[in-house]
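Just one chain is shown here, as structure tokens, and it is the form predicted on its own.
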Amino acid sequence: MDQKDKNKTKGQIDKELQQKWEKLHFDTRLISAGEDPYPETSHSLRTPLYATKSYVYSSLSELLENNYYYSRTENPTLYALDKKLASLHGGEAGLSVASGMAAVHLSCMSVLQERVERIRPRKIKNLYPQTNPDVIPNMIIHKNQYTGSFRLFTKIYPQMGIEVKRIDLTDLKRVKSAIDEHTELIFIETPANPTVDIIDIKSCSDLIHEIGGKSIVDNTWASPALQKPLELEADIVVESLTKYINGHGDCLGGAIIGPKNHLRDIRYYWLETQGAVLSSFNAWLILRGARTLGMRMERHSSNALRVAKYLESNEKVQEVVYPGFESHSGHQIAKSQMSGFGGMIGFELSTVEECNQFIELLNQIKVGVSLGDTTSLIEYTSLMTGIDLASWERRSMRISDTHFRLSVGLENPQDLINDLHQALDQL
């Protein structure tokens, strides 16, 4: 930190740095935001890895003047990542956490439940939704969700006194009719996992705002390189940093981005209490990965379009779902709210027997869960991500027994097409 900055408060420095980064283009922010200049050191090119739990000071007054106390809530390596994520999304503040699911849960709890502090235990009962069933809060979700989020919302939240309405968010009339005076939240995942549904972020957000509710958008499949939900009137955006933002398949992480006061509440109450803390080493890895996000997403998108076109042309493939196709029901919405169509493809084969044979025949494309890696990954949905779902749940999500989800990586697209072709050719 320069000598002239030593008399400035942390808030003043943060504001000045944010204003500096806001003037930069997206790809430059990927390199610089949160890291140039890095507030804790004036000489290191890369953000240091702070592997510590505590921060010690020579006096109480020095402690009170500083931002770092304990790494469950503050860490200088995470500070850089938080600032970068906020800048990339155009948000006031960011918070990195242990996983994408931690980001989903902490952000939802910050809307659906009260922050309860310094209250006698007997009075807490008055805040339980079950105490007054007539005012139980509800949230609205899309009928097709990532299975982890689906399980959280439909299996756990109802036990906490939260009603969950599962509808087709692509039908705005259904959305409007589902909202009532007790609706606190609409949770939007777009593109949706694994069916690649496209949901209109702004229209859904506008509808929930009419009754004073909040919208949270899971932006994992797009990343801020392709879609910025806060610019589309969303209140909070969550990301699985495990996927495209890190991009290298070597760590877990999640992020929440939104208004400064709301994020402060999540950091010092929900995160502090529930402990879903990102390690400083994982934050350091994610910082490293994020610097190439823009270039990677361009390549993921261009590769996916070529692969999707090949799959569509192969007579053994029954259906290909990719938002870059004009035939996709959400193509126009995707075109209006995304700067690219991403690296995720859904497709179908004819029979279960063919599916079992096909996935065994692949060589270059690896069989595995997760997505957003430099390496192409394919999953047989009903037996992998969908294994935790009952058959009726998979049917309600339109996940058939012959569905595949393909995360197209950064390999040469022709090598991927050749691998798919040789496998399909043997069916």
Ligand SMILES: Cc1ncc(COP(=O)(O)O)c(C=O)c1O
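Numbers follow the displayed sequence, beginning with 1. From a predicted model like this one, the values you see are computed outputs, not experimental measurements.
Quick note: we don't show the form predicted together with the ligand, though the next part is all about it.
- Partner contacts here mean any heavy atom within 4.5 Å of the ligand in the predicted bound form, and among 175 to 183, 345 to 353, 256 to 264, 216 to 224 they occur only in 216 to 224.
- The ligand in the predicted bound form is approached by residue 193, whose closest heavy atom lies within 4.5 angstroms of it.
- For residue 189, a non-hydrogen atom is located within 4.5 Å of the ligand in the predicted bound form, even though that partner is not displayed.
- A residue is said to contact a partner when one of its heavy atoms sits within 4.5 Å of a partner heavy atom; residue 105 fails this definition for the ligand in the predicted bound form, lying far away.
- Proximity of residue 280 to the ligand in the predicted bound form falls outside the 4.5 Å heavy atom cutoff.
- With respect to the ligand in the predicted bound form, the three residues 100, 240 and 243 uniformly fall within 4.5 angstroms at the level of their nearest heavy atom.
- Note on the partner interface in the predicted bound form: the residue among 153, 310, 79, 146 having a heavy atom within 4.5 angstroms of the ligand is 146.
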